[in-house]
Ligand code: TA6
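Single chain ahead, written as structure tokens, the form predicted alone.
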């Protein structure tokens, strides 16, 4: 009953009639639903994670696993998880949670505002005893997402402590596709990348990126837009980004998917992750009092 009362209070405080509401989502977790003339969207307080974006006149853009775990301490498989303050495993602690701790924690809802671009939902999380267990740093992390004809994500880190911060980050976008074996990614021809399936050896991309096996590549020194072309769905998903120096492309393929208990049978074929990020040599260093914003914009067009 208390949870229901809390949701009612949150919706009364933040909701916008017929546009945005705070409600109970999967697993009883708190979700913000957007139903504006420009787009439908969903965003959970758990991990400040976007799980749905469907611009008007388009199909769903984001993949969400049928077997996602909807519970505290577990990441949601699909949508756009936030990786922070490290990516993949923590270099000096193999027991630390993969991709950091913010994607498995509840955030605070700060505001829901309608503007010309759509509906902007802002959530934040701050350092506390739990975060210091893994990362002895003082910070405030803000995630602002605008649901409209485009999907804009802004991840802002503020160093609230007295010592420098050093962190990795990624907007781990699961793009929904018809068949990973038939899509191609344009915009990375001639770009160097580190192949995590081959001991992070440095290689150079030749032509379009196509997926024919397990793929986990970090393209370095990338600022330009990339286009994900899906001939079966007859659409293009474009990623534009700012203050992001690496672009990660990931699909576990069949063998990697076997080890993911929160991924449905054969669902590895239905997504390709293309991620605005700052990882490895592009990790960010922030002096006390400084802030850093990484942003990504997704847009969709017909082929």
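Numbering follows the first chain given and starts at 1. Fair warning: this is a prediction, and the values are worked out from it, not measured in the lab.
We do not show the form predicted in complex with 6-O-phosphono-beta-D-tagatofuranose, though everything after this point is about it.
Between 6-O-phosphono-beta-D-tagatofuranose and the residues 147, 193, 84, 174, the one pair within 4.5 Å by heavy atoms in the model of the complex involves 174. When you look in the model of the complex, the only residue of 63, 250, 44, 253 with a non-hydrogen atom within 4.5 Å of 6-O-phosphono-beta-D-tagatofuranose is 250. Residue 113 falls outside the set of residues with a heavy atom inside 4.5 Å of 6-O-phosphono-beta-D-tagatofuranose in the model of the complex.
Of the heavy atoms in residue 216, some are within 4.5 Å of 6-O-phosphono-beta-D-tagatofuranose in the model of the complex. The closest heavy atom approach of residue 166 to 6-O-phosphono-beta-D-tagatofuranose in the model of the complex falls outside 4.5 Å. Although the partner is absent here, residue 257 sits far enough away that none of its heavy atoms falls within 4.5 Å of 6-O-phosphono-beta-D-tagatofuranose in the model of the complex. No residue in the set 119, 143 and 152 has a non-hydrogen atom no more than 4.5 Å from 6-O-phosphono-beta-D-tagatofuranose in the model of the complex. With 6-O-phosphono-beta-D-tagatofuranose omitted here, the record of contacts in the model of the complex names 166-174 of 226-234, 152-160, 204-212, 166-174, defined by a heavy atom within 4.5 Å.
Interface residues of 76-97, taken as those with a heavy atom within 4.5 Å of 6-O-phosphono-beta-D-tagatofuranose in the model of the complex (partner not displayed): 77, 87, 88, in sequence order.
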